[in-house]
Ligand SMILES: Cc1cc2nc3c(=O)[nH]c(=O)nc-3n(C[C@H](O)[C@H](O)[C@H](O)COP(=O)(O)OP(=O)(O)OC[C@H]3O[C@@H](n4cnc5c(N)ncnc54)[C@H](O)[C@@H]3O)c2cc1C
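Just one chain is shown here, as structure tokens, and it is the form predicted on its own.
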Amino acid sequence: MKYDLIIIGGGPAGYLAAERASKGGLKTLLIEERYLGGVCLNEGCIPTKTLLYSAKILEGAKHGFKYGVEIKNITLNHKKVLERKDKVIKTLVTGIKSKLRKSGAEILSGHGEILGRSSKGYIVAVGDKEFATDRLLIATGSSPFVPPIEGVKEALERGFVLTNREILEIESVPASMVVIGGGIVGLEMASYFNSAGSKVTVIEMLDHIGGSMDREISNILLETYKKKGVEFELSARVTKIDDRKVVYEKDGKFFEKEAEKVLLSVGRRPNITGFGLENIGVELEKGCVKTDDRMKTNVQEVYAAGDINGKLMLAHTAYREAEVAVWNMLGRKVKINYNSIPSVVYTNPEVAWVGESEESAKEKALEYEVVKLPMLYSGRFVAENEDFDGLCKILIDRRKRTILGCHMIGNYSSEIIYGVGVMIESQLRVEDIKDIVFPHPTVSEIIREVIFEL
């Protein structure tokens, strides 16, 4: 069988590319080994957001008295939360299958391996069947990184240590949990299990949480979660995992932390082995498939999108990369702009950002100006948030008068931040933004308020 395009990997990059390419007239085959939707839909974005929404409802009920709503005997039924999570996943996977069928893309379950290139095109094997194609899109995603910590592999085998996959299946809320890694996944799971009743400790190697998050926002989130009872051990390195305890080094001294469960959340590694990339000479860089700004690899008509290129491991980045790849296959000269892609941490409060942080702007020696306001300048935010100020911080290019970056902490940030991404992508000047009408009352008005501080 000959195709115009074969996609290996059915995660966000793979299934979106299959739909777009098929609609664009390419005879497309999508090959997925495990399950459609990838990590995002089955073990990442969607299941964690489902859990976090239940936690948000729980916290809202517990603190409802601040808003004149009094509820007694509030409990979280973790088993029902998991049942709902599974239902949400099933609904969305069904929806993806339906969209792909409607677009005309074919789906094949199995492990795809590139055998090489012949006069028929690229040859891909799935079991004992072989398929030929003019183009390839590699979208094989990533897997949790397991660092070389003494005892970690044994602890994973006996279920004491869990990755992002197993944590979503545990049947009961552990009394205590150590989260190794204070990045996005670690913080979101710390948020859920803290709300659900676990005693949570986050151990992070850096001196701050949130990875590339703006440091001022990161510090606010840290203090907020300390008040909620989460303990943080920063600038700390885990050296050993033993029976029911984690050993870590900090300031030259060694400490132990006992826990019922440990979540290992120290990043992800692209899935590059076992797919035959070497059979066609796909170039790798630091363990990732090297791509240009059109998602092309070094091999003609071979593209890569999603976590496999290791650039920005977010589902919506994968979506955009998939579209850029397909548009270029179809003859459109489209480039990706990573600077306008937002990031979100779905804790409570939410954190969202796009573009440069103060730290990255200083590192690049950019000429910038900072303007910021508490989220309390939004009437809607005041109406819906007791005891939390939040912050919206915008970096302006001093010379061009355009936005370099925006960083927000406060709920609804996840729904607002894309608007600033549009402003960055469009290179809108401060004066242009001042002419934009925001709906009132909305939390998004904070953007306009901050801009008018200039």
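Everything numeric in this text was worked out from a predicted model, so none of it was measured. Numbering starts at 1 and runs along the sequence shown.
The protein also exists as the form predicted in complex with the named molecule; that form is not presented, and the subsequent description refers to it.
- Shown alone here, V247 lies farther than 4.5 Å from the named molecule in the predicted complex, counting heavy atoms only.
- A residue is said to contact a partner when one of its heavy atoms sits within 4.5 Å of a partner heavy atom; G38 meets this definition for the named molecule in the predicted complex.
- Within this chain, G355 is remote from the site of the named molecule in the predicted complex, having no heavy atom within 4.5 Å.
- Although the partner is absent here, R215 sits far enough away that none of its heavy atoms falls within 4.5 Å of the named molecule in the predicted complex.
- The partner is absent here; in the predicted complex, the one residue of S142, N348, S340, T201 having a heavy atom within 4.5 Å of the named molecule is S142.
- When the named molecule is considered in the predicted complex, only one residue from Y225, Y122, F275, F193 comes within 4.5 Å through any heavy atom, namely F275.
- Picking from 374-382, 238-246, 111-119, 90-98 the stretch near the named molecule in the predicted complex, with a 4.5 Å limit on heavy atoms, gives 111-119.
- For the partner-free chain shown, I31, E32, E33, R34, Y35 of 21-35 come within 4.5 angstroms of the named molecule in the predicted complex, judged by any non-hydrogen atom.
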